[in-house]
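Have a look below at one chain only, the form predicted alone, in structure tokens format.
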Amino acid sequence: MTGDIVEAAKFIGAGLAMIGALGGGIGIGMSVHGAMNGMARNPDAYGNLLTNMILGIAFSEAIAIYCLVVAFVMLFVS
């Protein structure tokens, strides 16, 4: 009985850890949206906006990957 409760708690914890990936997805979407608007309004700034957009996407994606690693650790370690 206690093994089932621990197993359920692991699944719930892993699911809650992945909520942070939602923030990464929203951040990437907002970053691309802002960069596309800026590129449409000022095509001369394309290179600078693209570089900053890719950097922002990388940082946002890193947060989502950290959430995934924490979820896997909760599921498969212990």
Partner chain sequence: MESKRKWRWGVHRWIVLLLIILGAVGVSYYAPVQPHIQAAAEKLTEKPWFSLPVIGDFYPVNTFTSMLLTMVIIIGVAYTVKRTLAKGEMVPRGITGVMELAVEALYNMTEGTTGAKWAKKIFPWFATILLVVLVANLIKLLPGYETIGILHHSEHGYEVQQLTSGIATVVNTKAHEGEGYVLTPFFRAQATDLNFTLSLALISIFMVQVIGFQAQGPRYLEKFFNFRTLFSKPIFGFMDVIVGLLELISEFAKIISFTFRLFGNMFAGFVLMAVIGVLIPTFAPAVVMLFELFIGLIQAYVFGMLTMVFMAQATQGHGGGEEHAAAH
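Bear in mind that the values here come from a model prediction, so they are computed numbers and not experimental data. Positions refer to the first chain, counted from 1.
Below, we refer to the form predicted in complex with the partner chain, which is not included among the displayed structures.
J.: Could you tell me if L22 has a non-hydrogen atom within 4.5 Å of the partner chain in the model of the complex?
T.: Contact with the partner chain, no.
J.: With a cut-off of 4.5 Å between heavy atoms, is F11 one of the residues that contacts the partner chain in the model of the complex?
T.: Contact check for F11: no, nothing within 4.5 Å of the partner chain in the model of the complex.
J.: Considering only heavy atoms, tell me if L68 and the partner chain come within 4.5 Å of each other in the model of the complex.
T.: Output for L68 is yes: heavy atoms within 4.5 Å of the partner chain.
J.: Against the partner chain in the model of the complex, would N42 count as a contact residue? Criterion: heavy atoms within 4.5 Å.
T.: Flag for N42 set to no.
J.: What I'd like checked is whether A58, A62 and F72 together line the partner chain in the model of the complex, meaning each has a non-hydrogen atom within 4.5 Å of it.
T.: Answer is yes for this spot.
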